[in-house]
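Coming up are structure 1 and structure 2: the same protein chain in two forms, each one given alone as structure tokens.
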Structure 1
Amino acid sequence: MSGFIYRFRRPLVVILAVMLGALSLSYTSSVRGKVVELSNLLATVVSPASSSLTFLGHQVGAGVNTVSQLFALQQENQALKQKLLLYNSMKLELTQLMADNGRLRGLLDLRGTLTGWHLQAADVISRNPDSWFQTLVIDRGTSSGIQTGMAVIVPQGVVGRIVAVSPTTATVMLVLDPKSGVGAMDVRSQSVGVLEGRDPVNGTLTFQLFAHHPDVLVGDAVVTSGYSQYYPKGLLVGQVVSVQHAQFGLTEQAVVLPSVNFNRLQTVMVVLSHPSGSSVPPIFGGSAP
């Protein structure tokens, strides 16, 4: 037996190798099929989760980008707000400078118009809320040559007169005060009378005329008549807004709206002196018809 095996050992080895290869291939094929089936099963189970994770990853990425964009937009919005605030501040400052420039230019023009007049500029420093439309206080007094009774004006017209004075300040009674009493004249008709404060809150004056049938019309300019010891002739006071007959028709009254905005007074001019018998040129008060 052993001799037979030894004799045919090579064919037997070949046959055995072939048989083992066949068995191996058969087993490998079987296992491979099972592996493929298992792989397909795992792919089926894992695929939805993988898709969800992929979608979630995209969403998280988009969310991060959105948060970054929101943060950038907030920073940009804050920067724009700062620029807008700076722009509004510069605009307000420019408006104020233009207003101050116009006011000072008006005062300089007034000085140039009233040749021979001695004027003292003064700033308004206080106003009493209880007498807002009756008096104000300026920052010039006797040390600047100011005395009681002096007229106070601005380029737009008459403000009032000095009623009290100290070395460094002075109190001005406004023409709106019922006790002011300004001698006035209608520029067009030359009709004369007295202006008194009518309604300080509404800022109007009563023009009491010295004639039975004076010629006064709505729209007429009213100036100082020069008959008062306080005001030179021709200073603009206001404009007639209505005309009415007094009781029994003996005299006539008119309502005058002042040319000065008393709520915006900042700098005024005190008339320290003026040429005797002088009259304001028509360019300012319109003293000529």
Structure 2
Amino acid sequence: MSGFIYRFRRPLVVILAVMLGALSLSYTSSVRGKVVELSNLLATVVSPASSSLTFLGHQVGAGVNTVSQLFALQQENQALKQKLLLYNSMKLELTQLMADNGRLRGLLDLRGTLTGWHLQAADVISRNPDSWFQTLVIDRGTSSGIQTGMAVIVPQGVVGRIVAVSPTTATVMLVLDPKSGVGAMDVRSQSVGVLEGRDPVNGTLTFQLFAHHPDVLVGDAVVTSGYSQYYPKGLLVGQVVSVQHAQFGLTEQAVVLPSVNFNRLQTVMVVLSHPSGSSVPPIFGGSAP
């Protein structure tokens, strides 16, 4: 008997397994709910391992996907960088255009406000090589009607006057120059005096007042007095930042900060002619009527 079993052990095992399978199938089909619970319990027990493996699988999948997309991403990155460069340059261009627009709009407003005045726009092309003398060269000359002695202004105030002229260029002496000598007036107290360049580095002006007790205060606006042969009356020059007594206390002088930013001068207006005795409206610092 034992010899028979041993001889046919493999087929017997198979038959036994099939029988067990059939029994199991028959039993579990009748008690389905309990089998599901068992399965669920098993799933709960192995869930950490399952979730870890799933996560790992996703990561590996994503990694493989990333590697496969690397080339495409590189190309996309290049394209985006070029677009960014383009947008940055467009932004810079836009900023420049806005600045130009603001500057030119200011000049147009100035031209529109000063009715009866003949103004010639000109671009600054170079500066004086010496830091101690403040002159600059503009790209308009006698062929545009410019002559020596004409005032040069911008919407913010007085720039200077023409001191030399050729057919195509003209030299402007800025109010910052130590020899500028602009006839000026304190708007509040109506005190008059002469403005001259004071410090070539910090760009302030000395307001030498004529009166003994001129009553000039810090913060007062200073405009051209009109007594000078070069500058029309009422053009804004700057603001008083300090008042001090001159030597021996006989006269007073004030330090004036110009209203014009001379570092950013690009386009200026040359006053070719203006109505006799006219004064600039208060919006440009002119004395009130």
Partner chain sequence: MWQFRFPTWLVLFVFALLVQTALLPVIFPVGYVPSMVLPVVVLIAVYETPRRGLAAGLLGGLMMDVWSGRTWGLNALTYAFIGYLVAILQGKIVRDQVFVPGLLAGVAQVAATPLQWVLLRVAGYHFAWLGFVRPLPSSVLFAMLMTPAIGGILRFRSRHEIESMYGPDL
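So that the term is clear: the rigid core is the largest set of C-alpha atoms that superpose within 1.5 Å between two forms. Here, residue number means position along structure 1's sequence, counting from 1. All values derive from a computational prediction rather than experimental measurement.
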Please state whether structure 1 or structure 2 is the form predicted on its own.
1
I want to check S131: does it shift between the two structures by 2 Å or more at the Cα, with the core superposed?
yes
Does N202 count as moved between the two structures, where moved means a C-alpha shift of 2 angstroms or more after fitting the rigid core?
no
Post core alignment: L217 C-alpha displaced by 2 Å or more between the two structures
no
Quote the shift of the Cα of Q82 between the two structures to one decimal place in Å, the two forms being superposed on the rigid core.
4.0
